[in-house]
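Only one chain is included here, represented as structure tokens and corresponding to the form predicted alone.
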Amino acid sequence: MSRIGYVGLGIMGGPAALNLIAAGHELTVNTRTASRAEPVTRAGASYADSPAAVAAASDFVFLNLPDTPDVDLVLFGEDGVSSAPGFDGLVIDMSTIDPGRTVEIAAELSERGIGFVDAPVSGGEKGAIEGNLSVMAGGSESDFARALPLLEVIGERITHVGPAGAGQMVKACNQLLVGSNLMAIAEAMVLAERSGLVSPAVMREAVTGGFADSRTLQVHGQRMVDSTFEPGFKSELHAKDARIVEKMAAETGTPIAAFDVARRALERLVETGRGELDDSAVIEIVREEAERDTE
């Protein structure tokens, strides 16, 4: 049994924390919206009133936060993890944030005697609940080895992809692939429904199992067919990730024309007040553009 802290108990963090409790670990948690901690505290976790208090009670601290400034605040702000007296454990950051800042965070924590692994994930809410997320981990060999037994509770495919920051770089690539695929699926769905010849559901069923198949088609494609956009992954968070991808592409001189279509659709969802919807709602943007083009 390990003493684990967990900060951030949203769609992904809550289920991951519950899986760690189910595996027999002792958890101390903190989250910005205290009510989100209730399922975890009912399962046996203790609630602390600050990230520093979480760190003081823990040997490992997981973070699952929305964006880079949130991670900075939780780690280095007033009552942040790094201010906990005597904390020299390991921070495991499962957020999706800027790779460049991640490299700096790892160095700053190292100067304070704190280990760090960036471990962003893919698999959505379903993967978090079932404990079969894909984990892209960056960090030193020794820090990764310390984190691995805990990551194996949360994920099914855990890959050590390189030094600190590499996990976030691979996650940016992941989001590029997912976003581009998501947009192509939305366009295919709308093409089918507007053809008047075949329903999107039948089209999806027909191509599943061939080269066009993907987990995105299976999961998000079904949401598009059903028009059920309760978030497994919010559009506003995917839009944030898309900005990270765009930044990395600009810094490396990499063309991302296919992904840029998805980025614009996600931004449009946020701009029109639909950022809380699942990212599969990009099909609504395709439908709206099709209607405008035929007016």
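Just so you know, these numbers come straight off a predicted model, no measurement behind them. Numbers follow the displayed sequence, beginning with 1. The term rigid core refers to the maximal set of C-alpha atoms that superpose within 1.5 Å between the two forms.
Form predicted together with a further copy of the same chain: not shown, discussed below.
Remark: all three candidate residues (191, 245 and 257) come within 4.5 Å of a further copy of the same chain in the model of the complex, counting heavy atoms only. In summary, the region of this chain contacting a further copy of the same chain in the model of the complex, judged by heavy atoms within 4.5 Å and restricted to 217 to 225, 80 to 88, 67 to 75, 142 to 150, corresponds to 217 to 225. a further copy of the same chain is not shown here, and in the model of the complex it never comes within 4.5 Å of any heavy atom of residue 57. For the chain shown alone, residue 110 is not a contact residue for a further copy of the same chain in the model of the complex, no non-hydrogen atom being within 4.5 angstroms. The closest non-hydrogen atom of residue 48 lies beyond 4.5 Å of a further copy of the same chain in the model of the complex.
Contact annotation: residue 249 falls within 4.5 Å of a further copy of the same chain in the model of the complex, judged by heavy atom distances. The contact with a further copy of the same chain in the model of the complex, taken as any heavy atom within 4.5 Å, belongs to 261 out of 37, 261, 52, 270. Counting a residue when any of its non-hydrogen atoms is within 4.5 Å of a further copy of the same chain in the model of the complex, the hits in 193 to 210 run 194, 195, 197, 198, 202, 203, 205, 206, 207, 208, 209, 210. With the core held fixed between this form and the one not shown, residue 251 has its Cα displaced by at least 2 Å. Relative to the superposed core, residue 83 undergoes a Cα shift smaller than 2 Å between this form and the one not shown.
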